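Take a look at this single chain, the form predicted alone, given in structure tokens.
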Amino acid sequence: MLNGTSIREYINEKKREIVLGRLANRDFQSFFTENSQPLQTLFTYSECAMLEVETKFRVLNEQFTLAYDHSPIESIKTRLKSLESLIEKVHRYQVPLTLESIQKNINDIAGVRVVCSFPDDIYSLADCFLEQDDITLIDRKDYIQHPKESGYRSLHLIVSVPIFLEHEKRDMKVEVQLRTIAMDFWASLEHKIRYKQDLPEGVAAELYDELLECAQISADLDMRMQSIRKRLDEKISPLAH
């Protein structure tokens, strides 16, 4: 969302866009004008929670490396949802456009995506992460065991994590997505096709059919690569003793 811009600068830019008439949605204009400061606070606290979760996974990765000589995480990506995406989701969910409603019903203002080497790493990391006593699981959706019709695969967790402010502790929600490199590559391509507005309908349908086939191929590849790693571990382990 921010692309290197601070939350305060982002909020001020939205104020300028409203003054200049660039934001046509009247509901959004009214809501934002009345709630710009509380929204800045909400996004700042969400960013803090996002950084807490990111740090937890980086620590887990270091611990796994020490204990098993294997680094399960290839990369960690973080993002804050844009205000436009937030308002679109409020309308799609048909919930009231109020600050209280957003805090109650929108769980993914802050997002952390953890890209792993192998499918087994996903579940090992998720289990260790959820065992931490300051993490509360709100929702879990396993699109690896139960892929979406499109072929999309990922493990989604909605969690609550505390952030420590000057005089209080506050629980904030973060969406965590865990996927392999192949799953992440596939999802990135699917996203580009979905938002390619000028694709003829027939071409789009053909690409989605091919993409669905690619989803199965990438799933098979994940399992084959994981099998190779396990066989290597079985061969190496006795030698270590």
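The first residue of the shown sequence is 1; numbering continues from there. What you are looking at is a predicted structure, and each value in this text was computed from that prediction instead of being measured.
Form predicted together with a small molecule: not shown, discussed below.
- Within this chain, E190 lines the site of the small molecule in the predicted complex, having a heavy atom no more than 4.5 Å away.
- Contact annotation for R194: at least one heavy atom lies within 4.5 Å of the small molecule in the predicted complex.
- Contact check for K141: a non-hydrogen atom falls within 4.5 Å of the small molecule in the predicted complex.
- By the criterion of a heavy atom within 4.5 Å, E54 is excluded from the residues contacting the small molecule in the predicted complex.
- Among the residues F64, W186, Y45, F31, the one placing a heavy atom within 4.5 Å of the small molecule in the predicted complex is W186.
- Partner contact region in the predicted complex: 144-152, out of 160-168, 144-152, 95-103, 124-132, criterion any non-hydrogen atom within 4.5 Å of the small molecule.
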